[in-house]
Every structure is written in structure tokens, then in C-alpha cells.
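Below you will find one chain, with nothing else, as C-alpha cells; this is the form predicted alone, and questions on how it binds or moves follow later.
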């Protein structure tokens, strides 16, 4: 269960209600530019249709709050849980993940009506401290799916040879962050890792525990497109000595030669974005890479990826800038290169996604939220340009399989000292 202390429960009040309404409105707005066909596309099993995200986030509130805690509540449609349950075994049978793109019905308009009904039914619960934990979890869950919706539709539109744009291009490209200091330095020692229980956090962020670190340095800058091009030009994707065994097999089997969404033709260096095909700026942080690629680059550069504990310690020592490039419905969805550990892209660590000492998942279906995935995945830290602003924190643990790269994933380097 998420960690929300009792004192804070008494203070949340209307602020929690406002955040609920704002989150719900943003999800609905993200689907506005999409046609019915756009919203139904599923380009691969890792991704889901935008329409499914719209429904699944609604199912979450209807199931775990309205159905379970409001006497006499009747489901909007008792057949829809089969369509919009994701992976909760305790909630029974569900449509196969690979079949979500076959859901031509219900239409987007029907799902919008359902969301409106759930929003109305939720109103009496929003200021009730008994439901603070679950509402906080529901908001955070929906924010996660806002990012997934954005990355999933980007992958779907990428399949179209016309390179269609989801949004009109806005803003300007940053020139990349410059700093005279190249790295953060930490002298090591025993450090406290994990969320302290003050405010919301996912259960996988705790309990707090001691970790011993040896001295290290962490780069201030994310690796950018120009540096990645040097890696390519130097034969990075052709040199097996740089790669983990599974990574080299993945490169060979999938003919990987560059980050996802890169395209080079007759001197034109482009990348696919939510604004269609755009010029690839050398100073922008590289993104849409796999863990295998990040690890190979670090080896090529004579460095390594940080552990998740090293990243968290540095993040706690630094002030999080409100100008970091995260999603708030207005900023453009492209990495910029801000001077911040948060924003632009999620950063791979070399840490396996495993439970902390004394970790215990919650009972019931909610307990399936994080713990069941603690096998075969790696931890990423920070936030991306598609992460709703304020969603992440120093203890936040994102996680993906080593080969996955359709998310906004990048890297910063670390070294032992």
C-alpha cells in the first residue's frame, strides 16, 4: 500500500480533490487529438491502445473505491472489467494483453461517459480521510498511465509511413545544458535509502534501510545525441566486446543499429516524435534506448551505470528544480537537457529490480501492484519529459525489462573513485 502518514491525511482535504480532478481531466485531454482509429491502435504487446488506458484508469477507481467501499454501487457495465483489468489475478479473468487492440467497442465516447459517471460518484469520497490512501494511489496510477499513453501512441503512430503528428509542434529546442563541473562526487559510507513515510510513496520505495557505498562520481549531464553518434561511428553496435551476452544476442537478432525512432537519410538526421519527424539536435539527451545499449555505451566510454542507491543519494543532496522538463500538458514532449537529475528521460541504473529488506506487499489485489514484478527487470530513476510534473521523487523506482526502449529512457554515467 502507499505510505501516507496520519498527520498529512488531515491536511490533504480539498487539495487531494483538486489533484484528482486535474489528473482525470488531463487524461481525457490527452485523447482529444486522436481519431477513433488512433485510439484503438496497439502496435506491440508491450504497448496498449490509448482508449484502453482511458478505460483502465477508470476501472481502477470504480473497482477499488466505488465497488469496494460505496454501499449499493452498481458497475456502469458489468462486462467491462473483463476488458479493462490489467494484471490483477485477484480480480478474475481478463482479455489477453495482446488483444487489447481488437477492442473496437466500446467507443471512446462511451468510455468518456463512463469516466464522467465515475467522477461524479467519487465526489463524496474525495474529502473522506478513510479513502486518502486509495485515492492517492489511484492518482499516481493514473499519472503512470498518462505517460504510458503518450509513449504507446508515439510507438503506434511511428508505424505509419506518413509519420503523423499527435500534437502541433510547440516551444523551442534547448541548446543543451553546460556546466563547468562534470560530475557530482560522493565520498561513500553508510547511507539511508528508501522513502521515509512522509507523504505518498509506492510500497516498493520502502522500507528505509542502510546501504554502504564506496566513493563514486555521477555525471551532471545526460548523454546526448552527439555523444551517441560517436558511439555509433566508432562501431559501437558492431563490437561484441562492449556488450553483455544477452545484449549482443538482442542486437544481432533484431538488427539494432541506433536508438529507437532515429532515421538518417541523405545527410538528414531525424527522430520521430509526438510532432512527427523532427530534426535530431546533437545537444539533446539521447533517449529510447535499452538497458543493453546503455550498458554497452558506458563500457565504451570507460565508465559504468550508477546503482540506484548512488543515484538516490545524489538526488537527495540536490534541489529539484521546478524548471526541469516534465509533462504538465503544455511543455513539448522532447528532451531538452536541463540541469536536473529529474526530467528529460528516465535513467538506467545497473540495479536489478528487487524488494528492499523487510518489504511486504499489501494484502489483496492492491498487493499485486509492484511486488509481483520483482524479477528480471532493471531499475530506472528520475523522470522523463512525458512524466507528469511532481509524480517522481528521489526514492521513486521505475522498472523495465532490459530490452525495452519505447519509453523515454536514457543514461548518465558513473565512475568509481
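From a predicted model like this one, the values you see are computed outputs, not experimental measurements. Residue numbers count along the first chain shown, from 1.
There is another form of this protein, the form predicted together with another copy of the chain, and it is not shown here; the text below is about that form.
Site annotation in the model of the complex: the residue of 256, 95, 226, 117 reaching within 4.5 Å of another copy of the chain with a heavy atom is 95. Residue 160 is the only one of 283, 183, 160, 144 with a heavy atom lying within 4.5 Å of another copy of the chain in the model of the complex. None of the heavy atoms of residue 29 is located within 4.5 Å of another copy of the chain in the model of the complex. A residue is said to contact a partner when one of its heavy atoms sits within 4.5 Å of a partner heavy atom; residue 102 meets this definition for another copy of the chain in the model of the complex. The closest heavy atom approach of residue 390 to another copy of the chain in the model of the complex falls outside 4.5 Å.
Although the partner is absent here, residue 214 lies within 4.5 Å of another copy of the chain in the model of the complex, judged by heavy atoms.
Proximity of 41, 165 and 375 to another copy of the chain in the model of the complex is complete: all three residues have a non-hydrogen atom within 4.5 angstroms. Stretch 205 to 213 is the contacting one of 205 to 213, 129 to 137, 229 to 237, 265 to 273, since its residues have non-hydrogen atoms within 4.5 Å of another copy of the chain in the model of the complex. Contacts with another copy of the chain in the model of the complex, taken as any heavy atom within 4.5 Å, map within 384 to 417 to 401, 416, 417.
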